[in-house]
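Here's a solo chain for you in structure tokens, the form predicted alone.
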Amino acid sequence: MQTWSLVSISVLLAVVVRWGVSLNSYSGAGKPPMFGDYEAQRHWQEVTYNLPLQQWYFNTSDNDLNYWGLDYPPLTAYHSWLCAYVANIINPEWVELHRSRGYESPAHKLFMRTTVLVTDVLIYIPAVVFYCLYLTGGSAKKRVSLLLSILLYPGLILIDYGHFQYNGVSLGFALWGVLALGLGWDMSGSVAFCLALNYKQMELYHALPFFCYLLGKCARAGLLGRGFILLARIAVAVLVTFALCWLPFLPDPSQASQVVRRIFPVARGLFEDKVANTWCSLNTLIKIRSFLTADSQLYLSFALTLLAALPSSIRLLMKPTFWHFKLALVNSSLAFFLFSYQVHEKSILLAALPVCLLLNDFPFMSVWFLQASTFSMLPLFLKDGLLVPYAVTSVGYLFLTFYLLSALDDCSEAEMNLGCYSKLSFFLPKTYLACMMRWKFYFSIALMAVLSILSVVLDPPPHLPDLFPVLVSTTAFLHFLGAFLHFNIVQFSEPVSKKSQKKNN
């Protein structure tokens, strides 16, 4: 009873923080003609409510795809229609065809913010609660501390409740999938992940670990016996889920192919803006897009993404345990973020979710990564007028998580799983490894703080207008590359702590 009281208080605090952030500005506020992601979501509601389904993804006189054309899978479109249905009941002007373009008002902002909160309360928050209560070890206080640490992760809150998106829906479905697999409900987990993938195509970042974990589990059970039956049941669940999601588009092949073209827009180029991945960081030294054709960029990014993700996935296929599954989710999502095609800065949330699942195992490294992931989106937050919520939530989260998870109290080699580095740095005493990591962390936090302040108080030189965004993205890229290497090394080593070994069973 006491546990559920603490859970209720944690959820209430998470809701209050989310609503507090939602009181601030949003993407493209008062900035015609294109506005921003807030208008994109509103426009999709306008399109899906007023036009027949067959026109949602096609360019017509009533649906200009150059103006925030729908470019997400069918579940996003259905969700937009549902929101529009409610919006039309409250105020038809919010979704009136053509005439509602760029609509902004306090009442409409309240409605849009509420739709995000409702989806979080229905999908994301319950998944976090059940994961922390049923798939993490330790005392009730420890599990509630972990719950609060995940729910108050500032990156997701600032994007969904500040910038304005519905990432909690796809991430929530993905987490329900992780939860189901952790409890042994393989078919339910497959269905949940299919829903995530049919809401946002970026959930492909997590697809390889889900596939390899389930295939490895089937192979371990015997592909000529129980394993084959399990594989067949999973395949049927996946096919039925996809068929139901795409059912309105399947009768006409041109409809389905148009949806696919819209959700994979390869014509947009290798990267946009200043994203903290390999291509954008490398572009500061070598102008990749000036000597590689668009097709070459696509093939190169695909090859490197696959090469980066395969070792972790193969390891998971050979050892399909829940411990390796969580690490593979981190490594796969980071491989996609660092090397894939057309990556947005917000896509780091796809790596942040599985890192949140490791807070109980590696609190120090996980909190460090989560801070860096929030910092990597600083240029976007400044553009949206979210400096104050960024500063408050980032600083508050740092102190809160280190207090709740005691990450700095016992920052030993074993706690950070640094034993796997001993063979690589045999010339250093073991005690130095943990000490070095602590000082690197202090330097990293100081550097992120300094760059955040400089980005606000200083104007860049006229000949280097993107100086601070480039510094931010490059700094974050180095953090992500280091995390990618670290978690891959950890996955190829054996869990050393008792709590990790418990997860391995």
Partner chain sequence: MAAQAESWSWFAALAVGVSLLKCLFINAYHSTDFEVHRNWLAITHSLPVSRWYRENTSEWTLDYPPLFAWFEFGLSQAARHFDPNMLRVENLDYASPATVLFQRLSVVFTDLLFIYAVRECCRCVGVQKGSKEVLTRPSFVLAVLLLWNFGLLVVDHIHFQYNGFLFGFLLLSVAKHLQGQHLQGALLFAVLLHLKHIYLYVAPAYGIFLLRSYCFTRDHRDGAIRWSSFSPLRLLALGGIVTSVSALSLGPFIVTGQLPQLVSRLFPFRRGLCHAYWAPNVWALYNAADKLLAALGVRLKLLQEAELPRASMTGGLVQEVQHAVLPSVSPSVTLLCTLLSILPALASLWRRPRGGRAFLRCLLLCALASFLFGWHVHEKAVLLAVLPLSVLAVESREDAGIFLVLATTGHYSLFPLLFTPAELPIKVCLMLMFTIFSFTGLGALHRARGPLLRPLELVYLLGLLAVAIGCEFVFPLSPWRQRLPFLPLLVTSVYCAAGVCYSFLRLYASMLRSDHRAKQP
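The structure displayed is predicted, hence computed values, not measured ones. Numbering follows the first chain given and starts at 1.
This next part talks about the form predicted in complex with its partner chain, which is not shown.
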query: All of Leu223, Gly225 and Ala237 within 4.5 Å of its partner chain in the predicted bound form, heavy atom check; finding: no
query: Among the candidates Leu110, Leu285, Met318, Val118, the residue which, in the predicted bound form, approaches its partner chain to within 4.5 Å (heavy atoms); finding: Leu110
query: Single option in Ile90, Val395, Met187, Leu135 placed near its partner chain in the predicted bound form, where near means a heavy atom within 4.5 Å; finding: Val395
query: Any non-hydrogen atom of Leu485 within 4.5 angstroms of its partner chain in the predicted bound form; finding: no
query: 4.5 angstroms heavy atom contact with its partner chain in the predicted bound form for Trp19; finding: yes
query: Any non-hydrogen atom of Tyr403 within 4.5 angstroms of its partner chain in the predicted bound form; finding: yes
query: Its partner chain contact at Ala267 in the predicted bound form, heavy atom, 4.5 Å; finding: no
query: Candidate stretches 253 to 261, 329 to 337, 169 to 177, 383 to 391, one within 4.5 Å of its partner chain in the predicted bound form by heavy atom; finding: 383 to 391
query: Contacts with its partner chain in the predicted bound form, stretch 2 to 41 (heavy atom within 4.5 Å); finding: Gln2, Trp4, Ser5, Leu6, Ser8, Ile9, Leu12, Leu13, Val15, Val16, Val17, Trp19, Gly20, Val21, Leu23, Asn24
